[in-house]
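Quick heads-up: it's one chain on its own, the form predicted on its own, in structure tokens.
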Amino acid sequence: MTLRISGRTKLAGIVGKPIGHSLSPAMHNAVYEELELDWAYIPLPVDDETDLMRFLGAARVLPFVGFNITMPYKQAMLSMCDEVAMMAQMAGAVNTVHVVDGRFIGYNTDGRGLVESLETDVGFNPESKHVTIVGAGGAAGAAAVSFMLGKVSHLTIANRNIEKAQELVARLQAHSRGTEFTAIELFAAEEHIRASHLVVNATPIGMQPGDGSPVPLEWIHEDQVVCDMIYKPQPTELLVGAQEVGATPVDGLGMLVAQGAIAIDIWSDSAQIRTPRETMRSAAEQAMRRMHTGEVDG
């Protein structure tokens, strides 16, 4: 892939800390080339919220079509947008910003990306299912909103901090469309996890070697789909354990691709274009292999 920059090139990027491991620049720039978009996607590391504010000031006047927000700024970005879509408000986090005439319109594409990837990768439809999400942060909120809109019958939020789980459930119940909710401490969630058709890890546990599994593996069984939002070359301990008991494991790469593609759909302002997911996934997989082997692009 050759990145071409012109005097009319528009900017996009990923804002967060750390972002050296991000696959987003590779997968975005690959699909911009295929779609013949004169855009360039760049990493935008910011050290703290003060620097985030400085970046936002610049982004209002520079030729940005939009940008993605990752950890640890998804929840902070909620209050920094001029307008926030309802799904992002319910999730309590913004991961995608569309820049329109210097104004920031905030979205959350994580949950939609997760539901899309589950349908595409393993044929999972959330309607009338029992789902347990482990975690109660921005990623968990985004997933919970999309599962609620997907008409799950019962949604359990299992978290080490019960207060955060209760806060998320309270925010969702105001918009419930028939879904039953449970907020529970993770150590007490065995019954709910065993009863679930889908278990989702929305915590960072598993990103680092030796992290272990966020839930006891003996709670997982063969009739379940087990999804870990984490993506990396080697499967997490949770997914290894799920595979061993005959459950269906799903990593976070499909979600990453889908949420990024949905962001491009938003930025392009065109109902005629559905961003090619296959191109983005291939580029992300190649970038992940290069990172894993230590290969550096010339």
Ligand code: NAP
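Bear in mind that the values here come from a model prediction, so they are computed numbers and not experimental data. Numbers follow the displayed sequence, beginning with 1.
One more form of this protein exists, namely the form predicted in complex with the named molecule; it is left out here, but the text below deals with it.
The stretch from 146 to 154, 174 to 182, 118 to 126, 74 to 82 that comes within 4.5 Å of the named molecule in the predicted complex, counting heavy atoms only, is 74 to 82.
Within 4.5 Å of some heavy atom of the named molecule in the predicted complex lies at least one heavy atom of A139. The named molecule is not shown here, but in the predicted complex it comes within 4.5 Å of a heavy atom of M207. With a 4.5 Å cutoff on heavy atoms, V215 does not count as touching the named molecule in the predicted complex; it lies far away. Although the partner is absent here, Q259 sits close enough that one of its heavy atoms falls within 4.5 Å of the named molecule in the predicted complex. Taking a 4.5 Å heavy atom cutoff to the named molecule in the predicted complex, the contact residue among V250, I230, L238, A263 is I230. Checked against the named molecule in the predicted complex, the candidates Q224, T203, T96, T132 yield a single residue with a heavy atom inside 4.5 Å, and that residue is T203. Interface residues of 157 to 174, taken as those with a heavy atom within 4.5 Å of the named molecule in the predicted complex (partner not displayed): N159, R160, N161, K164, in sequence order.
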